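Form predicted alone, single chain, as C-alpha cells, below.
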C-alpha cells in the first residue's frame, strides 16, 4: 500500500531526526503531521520543533534546522517548506498531485487508503424495541451506523454489525395487551387500550392478521413488527450481520446464572427487597437495581448478559450507537464492562441526537406511543432513501438535526443530495461524451493542468485518505459528507468556467484524467456513505 502525503512527510521527519546526534529523545509518537486549515499555510504542518526546545535555543531555530535537513534530501513531493512561529508548513509539489491523479484515473487507488486499522469492531445500532415501526430517530441511527461500518471496513477494520432485539420485559407485555385490545375491537367487543399501551393504528393492521384469540399476542405482535423493521431497513440499504434476541438470554438461563455469579463475587447485593449491581465501584454515581422487589428484571440485567456475550466473542472495540435517552445509561454499562474484565475505554458510545421534522416552516409534532409520528418508511416514501440518509448524516451525530421535507424533495442545487448526485452524473456524462468523440487519456500531458481550479481539485483528491482517517479516529461521519460537498462545489465551479472536452485534444485528455480521478473519489465516497449512484438525473 502506498503512503499518503501525510505519511510521507512523517517519514521524512523521522529520517532527519533518527540518527542526528543533535536531536535526542524524540520518539515516533512525538512526530505529528496534520492538515492545515488554510491554504496559505500549505497543505500540512508539524509542531515537532516544540518537542525539541531543550536541544535548541528556540522552536524557531529547531524548525529551521529540521527544514534545512529535510530539503537536503531533495524530496520530490515537496515544493517548499515555510517556518512560521516555530511550526513547519509543507507545500507539496504540483508534480506530486498530478502523479497522484494519474494513478487514480488509471485504476491504482492504493494512495486513497488511510493507514490500516487492524482491529475487530462490533457496532450495535438501531436496536429498536419491536413495539412499533421504525421512527426517524431510528433512521438517523441506522444511516450513521451503516456508514460508519462501511468506512471502518474500507480502512481495514474487521467489522460486525449487530441489532439487539429488545423483546423481553414490560413494554412487550404492554404491546401484547394492546394488540389483544385491537383484536377484540375488530370483533365488536369494547376493550380499551391499556394505560401506557400502544395506540398506533399499525396494530389494527396486525390485529387483522391474528388467526385466533388463543395465540400469544406478545410474540405475534413483536414478530410482525420485527418483520416490518427488517423490510424497512432493507429498503433503507442497511443490513446486519447478526440479530441478537434479549429473550434468549432469559430462556437459556444466562441472565440468572450471570447474576448469581456476580453476587458470589460481591458485585451484586440485596437491599430494600431488590437486587443491586455495585456500579458505583467502577465510576457510576450510584448502584443500580437489576432485580426489582416484585421479581421482575430491569433492562440492566439482560444488558449485563448481552455485554458478556459481546466481550466473549473477542472484539477489540465495542461501539454502541444510541439515542439521547441513553446518556445516563453509559456509566453503568462502562461499569459492567470493567467488572466483566473488559477495558471500559474500549466500550464506546455514540449519542445520536433527535431530529425535528419541518415541512417548510411548519414544525411537525410527534408522539410515538400515541402513534402520531412519521415513520422511517413514510419518510422514505416521501423524500427517498438517499435524501433521508444524507440529511441524517451530514450533521454531527451529537447535534440536533432540523430536517426540512420540502428541501429534501427539491430537484435543485439547494438540496445537498441532489447537488452531489448531479455532480456525479455530470462527471459520468463528460467521460461518456469524450468516449463518443474518440478521446483517449492514456498519454495525457498533465502539466497542461494549470488553472487554479484544477490544482485545487487535485489537492482535494489527495485529502481523501486524511478525511477517512479523521472519521475513523472521531467516528465523525459528517466529515466525509462535508468533504464531498466541498469537492462537488469546486467541481461545479470548474465545470462552469472551463470546458473539459474541447477542440484542444491534448488539454482535453489532461482534463479527462482529472475527471476520471474525481469520479473515482466521488463514487467511492458516495458508496461509503451508502448513497446510490444514479445513471441519469
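Computed from a prediction, not measured in an experiment: that's the story for all the values here. Residue numbers count along the first chain shown, from 1. Heads up, when I say rigid core I mean the largest set of C-alphas that superpose within 1.5 Å between the two forms.
In what follows, reference is made to the form predicted together with the RNA, a form of this protein that is not presented.
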query	finding
Proximity of residue 332 to the RNA in the model of the complex, heavy atoms at 4.5 Å	yes
The RNA contact in the model of the complex: residue 506, any heavy atom under 4.5 Å	no
Non-hydrogen atom contact residue 79 with the RNA in the model of the complex at 4.5 angstroms	no
4.5 Å heavy atom contact, residue 40 to the RNA in the model of the complex	yes
One residue of 66, 510, 480, 501 in contact with the RNA, assessed in the model of the complex (non-hydrogen atom, 4.5 angstroms)	501
Partner-contacting position among 121, 154, 183, 87 - heavy atom within 4.5 Å of the RNA in the model of the complex	87
Which of 202-210, 154-162, 228-236, 270-278 sits within 4.5 Å of the RNA in the model of the complex, heavy atom basis	270-278
Those residues of 168-195 which, in the model of the complex, come within 4.5 Å of the RNA by heavy atom	169, 170, 171
Core-aligned C-alpha movement of residue 30 between the shown form and the other one, 2 Å or more	yes
Residue 485 C-alpha shift between the shown form and the other one of 2 Å or more, rigid core reference	no
Rigid core fit then residue 60 CA moved by 2 Å or more between the shown form and the other one	yes
